[in-house]
Ligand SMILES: Cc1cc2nc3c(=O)[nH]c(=O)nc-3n(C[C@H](O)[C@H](O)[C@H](O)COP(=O)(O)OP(=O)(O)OC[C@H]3O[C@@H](n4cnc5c(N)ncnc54)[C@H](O)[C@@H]3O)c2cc1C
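Here we start with a single chain on its own, the form predicted alone, put down as structure tokens.
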Amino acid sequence: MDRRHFLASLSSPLLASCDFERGKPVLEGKLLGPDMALGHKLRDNKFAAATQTQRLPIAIIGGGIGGLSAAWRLLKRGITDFKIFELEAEPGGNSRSGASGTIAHPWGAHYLPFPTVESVNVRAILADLGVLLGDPSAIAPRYDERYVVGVPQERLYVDGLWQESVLPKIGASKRDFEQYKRFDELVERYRRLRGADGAKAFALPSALSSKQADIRALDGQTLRDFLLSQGLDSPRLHWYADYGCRDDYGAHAHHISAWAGLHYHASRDALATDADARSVLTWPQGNGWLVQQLSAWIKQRAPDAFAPQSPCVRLETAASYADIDIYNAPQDRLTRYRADQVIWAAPAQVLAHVWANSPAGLREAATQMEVSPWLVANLTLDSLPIDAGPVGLSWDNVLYDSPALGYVVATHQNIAIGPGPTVLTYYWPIDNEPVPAARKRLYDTDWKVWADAIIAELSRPHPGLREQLQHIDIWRWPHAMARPVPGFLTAPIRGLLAGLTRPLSFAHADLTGFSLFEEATYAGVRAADFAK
């Protein structure tokens, strides 16, 4: 498929399989994704000169979780004169959501672990949105039970059967279980460990983690190599390690820093009243619910804050201000704003591309950051999927030894799941080849090829799936999340971004290297606090 035909396919309202059964199409669906046409226009950067210049106290570039958190912080400080410029038609970044008929579903991030004591701003946001009830600083806060994931929470399909929990137990040997126990003890030691500086070895947000040299030295090797150095070589344990890394970082453990891989397990020590500490917060539309509620909270206090389909195409900084060129796509017009403070809440690679007088080394450092491509599919079924058990349908349904992770059930949070349609949200990090090749495959592969592959994989645990399917919508994330590969803690890009204060501060999760809600919130609040 050439570029012209590829871009044309993005605007096709409906794609359908050519196979027919019982006189009707077997399957139909849409191929979706971020606004690639506008993104490519930004990449090519061939815009006419600005037609007008305006003053603006504070500009927020990007409406993902980082940008929304920055806006929340400004409003909490009593600052209302700001504008959020977002490339897409809707805010949310990779926490966006959609709907199939009346069933809401996620297009990206789909849950939030109970926030740790250190995640003070996440807790404060949840309190403002009515999710956290009572004192946000409590050791074990109480959460609205409607938003705590319902049981059963998770299961794993392995060796032809479903089992409870994601750690593979079916078919595991005595030696596997011994290594599971040793790994659990290892994680628990790191969870309790404090550095000589008094900080947790692994805190969330990660910037609050200990700076002790021997702890940070874990960043010098991959998680796979670290596990092998500990005598942990069980293939099933390594699959479990891979699952965690692919879930949060979009790549296998042999690509991910041991520090980052251990952080996934050891940083989550939050407690909750009347809920299992291992549980999570979730909604039918995933973290899209948080985006919707936080956006509404912002609009109530700053009605004109959002400027959709308005990317920043050029930035130039001076000592006390920054000039930004904003392209209003619906009006096909470029406007220059002179802002006292710019809060950059878009990816680092975009900043490096548009910053005309950027510091030496920024572009090279940004291009060295690996970013994982993902595919997310929402499958609409006429009823809940049927399988042989013995463990019943859960919210999170993981497939062992699969190129994808599995699926969550969008209707799981319904108080009573009865007969009727449902949506399965299927997650597939494209990580079995170098990133450029994976991204090209994501771009070039058409809907039917993806749909057939997904159906084939899910038909293993659900042989009758095809009969239940109504349609599949597929979302491609070519630049979904940063990969914390070995050396990321000392990567030049992190120092450059952390050093931005005024008139430009950085508010994207790329600041810390993890595409997590807690990290984006930390970056957004930190950046907003530089504004006067």
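Numbering starts at 1 and runs along the sequence shown. None of these values were measured; they are calculated from a predicted model.
In what follows, reference is made to the form predicted in complex with the named molecule, a form of this protein that is not presented.
With the named molecule left out of view, the stretch that reaches within 4.5 Å of it through heavy atoms in the model of the complex is, among 370-378, 450-458, 195-203, 162-170, 370-378. The contact with the named molecule in the model of the complex, taken as any heavy atom within 4.5 Å, belongs to 87 out of 298, 409, 87, 132. Only one of the listed residues (109, 438, 251, 339) places a non-hydrogen atom within 4.5 angstroms of the named molecule in the model of the complex, and that residue is 109. Contact annotation for the candidate site: 63, 66 and 345 all lie close to the named molecule in the model of the complex (heavy atom within 4.5 Å).
In the model of the complex, at least one heavy atom of residue 477 sits within 4.5 Å of a heavy atom of the named molecule.
Although the partner is absent from this view, residue 481 contacts the named molecule in the model of the complex, with a non-hydrogen atom inside 4.5 angstroms. Interface residue remark: residue 287 is counted as part of the site for the named molecule in the model of the complex, having a heavy atom within 4.5 Å. Contact between residue 92 and the named molecule in the model of the complex is found at the 4.5 Å heavy atom cutoff. Taking the named molecule as it sits in the model of the complex, the stretch 501-526 comes within 4.5 angstroms of it through a non-hydrogen atom at 508, 509, 515, 516, 517, 518, 520.
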